[in-house]
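First comes one chain, alone, set out as structure tokens in the form predicted on its own.
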């Protein structure tokens, strides 16, 4: 068992890891400018410098999510995806590299399938309820479990015990983390998100996606990711084990928070909403599987 104060120096060390791509800082700075000022060719140039990020852009641009386009160049992928989706891919690739191969306590593809699945469900749910920024929901869904990567690096032995016990007992991973580490991925993820200057709403999601009631900002976004995370974990896009839990959408605190922000949701047919999400699950699963194919050849 450790305290957050004990692990803080080790989290700060993640800033200087050589595995974090050198292009991330200049590229994210470029992407966060006013869209009218972002130069497409500069984005293409920076993305092309990193083969993993470039390949990921091509995978997603060619996925069913974008109509199975025949996208063969980084330039066409950047145009197809848009600035916000490119930022999500860059940050996802960046956080992926903080975990050395020997530190993975769970299957890496299982982890990223859950994160990408949550991103896709979050975007779809955001559109269904009328949330103004579905792309921000996608980004937050992709990054919500940042702290799991942190815990695998800085508390590898304790985290391995935690996930093993979660598998054996069928309890949520964050509950097992609290028992065996003394804190959860929500707390450690928040620390790294603040160090890396993530936006305040995405940081709130990372901190509170299992604790919606205590979120004091970005409440609708936190609620969307909370519900999407649950839906994924109940539908074979979780952490690779069965969780003994049920999802009562109407009775969940996250749904109550959404209704406060979107009063019209009181009249929404929740069964129909859930059916719509369920109906998209096969498509979402296909997209997730398509993304995790071998890297395609990359052309600018």
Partner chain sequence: METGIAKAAAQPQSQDLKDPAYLKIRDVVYQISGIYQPEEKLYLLASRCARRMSAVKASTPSEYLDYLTVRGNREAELRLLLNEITIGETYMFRSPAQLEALRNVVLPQILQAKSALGFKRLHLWSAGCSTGEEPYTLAMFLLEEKERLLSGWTFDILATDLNDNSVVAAKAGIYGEYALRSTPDVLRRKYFKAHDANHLQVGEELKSLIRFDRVNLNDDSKMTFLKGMDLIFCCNVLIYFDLSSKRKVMQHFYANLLPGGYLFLGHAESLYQVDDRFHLMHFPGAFGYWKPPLGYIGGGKK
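Values in this document were obtained by computation on a predicted structure and should not be read as measured data. Positions refer to the first chain, counted from 1. Basically, rigid core = biggest C-alpha set you can superpose within 1.5 Å across the two forms.
Heads up, the form predicted together with its partner chain isn't pictured, but that's what we're talking about next.
Shown alone here, residue 59 lies farther than 4.5 Å from its partner chain in the predicted complex, counting heavy atoms only.
Although the partner is absent from this view, residue 239 stays clear of its partner chain in the predicted complex, with no non-hydrogen atom inside 4.5 angstroms. At the 4.5 Å threshold, heavy atoms of residue 9 stay clear of its partner chain in the predicted complex, well away from it. Remark: residue 45 does not count among the residues lining its partner chain in the predicted complex, judged by a heavy atom distance of 4.5 Å or less.
For the partner-free chain shown, 255, 256, 267, 268, 269, 270, 271, 272, 274, 275, 276 of 255-276 come within 4.5 angstroms of its partner chain in the predicted complex, judged by any non-hydrogen atom. After superposing the rigid core, the Cα of residue 234 is displaced by less than 2 Å between the shown form and the other one. Between residue 264 and residue 122, the C-alpha separation shrinks by 3 Å or more in the predicted complex, relative to the conformation displayed. Relative to this form, the distance between the C-alpha atoms of residue 268 and residue 124 is reduced by at least 3 angstroms in the predicted complex.
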